[in-house]
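Below you'll find only one chain, the form predicted on its own, shown as structure tokens.
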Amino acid sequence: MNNSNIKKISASMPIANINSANSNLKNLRVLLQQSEDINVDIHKLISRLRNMPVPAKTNMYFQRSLVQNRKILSVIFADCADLRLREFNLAGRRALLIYIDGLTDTKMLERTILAKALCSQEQVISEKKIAKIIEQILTPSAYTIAIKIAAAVQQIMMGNALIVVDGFRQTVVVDSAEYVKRGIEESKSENIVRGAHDGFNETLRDNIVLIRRRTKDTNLKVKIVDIGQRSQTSVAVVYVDNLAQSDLVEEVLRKLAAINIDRLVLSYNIQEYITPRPWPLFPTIQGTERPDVVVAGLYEGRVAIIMDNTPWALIVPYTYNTAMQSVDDYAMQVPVASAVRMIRHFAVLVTVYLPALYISIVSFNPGMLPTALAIYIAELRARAPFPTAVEAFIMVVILEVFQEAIVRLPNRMVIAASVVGGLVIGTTVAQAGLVNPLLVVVISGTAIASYAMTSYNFAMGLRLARFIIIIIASVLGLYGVILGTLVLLVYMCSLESFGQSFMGGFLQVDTLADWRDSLVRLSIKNNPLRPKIYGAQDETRIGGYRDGKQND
């Protein structure tokens, strides 16, 4: 073989040399990188276009072409694997059934729409006949007509099905929402001895029905608004028209309309938005799981806010008097209920002041104690390694950690944790000589007193106030307790709940009549007036006694 005939490719093709190849390869890599960047930018642009809100005044309507309508819905519900699109024949025309799997009663759709549509022999010629065909398949109360895309999409997201017929811009929204929900059960956070045992669940419709069952008053009004730009959560405002002040209702609706948030998960999200102060120590809005508490509040001239997907209802306004009331107070003898109510007020003082008074007297004013008790406490203090204030602070912190752990633990572990906590706090700490045994009794009594509160959020506020009073008492003694009391009282009087003072029903002179159902509880016959603090349009309840005479 003649080697002289063998030549390099680059000799006859100069562009095939290694340098040129490397340069071309480098350019190719640059082009690939640029194409990837362009691809990313295109996807970002598509995502922004999908999320771009349509102006409020812009109305988008369905087209007459089924293909075009399907494309529109496919773009709106892109990447929604649970969306179901089923084509079928409706009176000789192609139709499309759209629904979300899991939110819709598919058996009802199969039984009423698909089965009857296949049996229908009438031919649709004009839009006027589509209603007639639908009425043969569904009852008038089971569907509505929609031509706006936004309204139809919202109905689909609520669990209803949509029927789109080729050649018509009118679409049919079928009332077929059915999804997994919890049954009507007893409230787990507001246990009572005697009374109704049904509580709210996470379905707005069921909760409204529970309220309607307890009253047949036509003045009971329900207004539903959607809150959340993305979640579109339904929120119901419930009130009695001839009792609640119109200004109160309008203020509630105005504050709900002003909520600018993308999603609502908890009813407390609403509470934070409509509460006047950003960081209130005590709740100024009542939360409850009980429909009977809501109905009682409505007939006092108050307004209830019920949110879908949560069992907690909100009631406004909310005052200290209401925080001291329980359903059981109205299910027992009047003297017993009054005694229990006064014990509850006393428990508030114990929860806030007992540790601070112990620190003040033992550390600053031991002469206030009887001589024998002062000597006994001094002997106990002689064996304690820490000052009284430090001991109290340590014990209160341990108690709060223990209570928080009990709340978060599974139910099966609560008993075991309670036994361990009792041994650690009540026995081991005292026997080890880390704290004064008398202080253990004081802290235990404080914890028990806090459990007497009817509202968990109110009790949490009292527990935080206890820390503040303890710190002031550790520095100033009894003067600190008095100063902390004045500051706390002024703060509680400054709190407002939709125009009403939090302590108004308890301290205002013009509302002293509310003491009939605050410090004590009088008989219904002797308390014919609604609470003045809420400003109900009709202050007098029908029946009972008025001016010493029974009303017929």
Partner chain sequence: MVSRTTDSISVLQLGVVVLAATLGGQLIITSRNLIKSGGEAAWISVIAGGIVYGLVAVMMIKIGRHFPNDTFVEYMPKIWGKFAGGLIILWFYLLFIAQAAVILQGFGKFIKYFMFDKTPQIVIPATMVLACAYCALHKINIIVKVLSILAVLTTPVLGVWLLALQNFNAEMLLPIIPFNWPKFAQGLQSAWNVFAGYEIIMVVLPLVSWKSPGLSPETGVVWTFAILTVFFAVVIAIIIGVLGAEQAALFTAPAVTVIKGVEVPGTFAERLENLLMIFWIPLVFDTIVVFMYTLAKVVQIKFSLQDHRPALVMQIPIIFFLTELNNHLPNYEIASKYIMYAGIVFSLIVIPLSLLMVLWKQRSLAGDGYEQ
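All of these numbers come straight from a predicted model, not from anything done at the bench. Numbering follows the first chain given and starts at 1.
Another form exists, predicted together with its partner chain; not displayed. Remarks below refer to it.
Between the options 66, 513, 503, 520, the residue in contact with its partner chain in the predicted bound form by a heavy atom within 4.5 angstroms is 503. Only one of 489, 30, 40, 60 comes within 4.5 Å of its partner chain in the predicted bound form through a heavy atom, and that residue is 489. Of the heavy atoms in residue 369, some are within 4.5 Å of its partner chain in the predicted bound form.
In the predicted bound form, residue 162 stays away from its partner chain, with no heavy atom inside 4.5 Å. For the chain shown alone, residue 467 is not a contact residue for its partner chain in the predicted bound form, no non-hydrogen atom being within 4.5 angstroms.
Contact check for residue 343: every heavy atom lies farther than 4.5 Å from its partner chain in the predicted bound form. Contact with its partner chain in the predicted bound form, judged as any non-hydrogen atom within 4.5 angstroms, is confined among 66-74, 22-30, 520-528, 490-498 to 490-498. Residues from 216-250 that approach its partner chain in the predicted bound form with a non-hydrogen atom closer than or equal to 4.5 Å are 245, 247, 248, in the order they occur in the chain.
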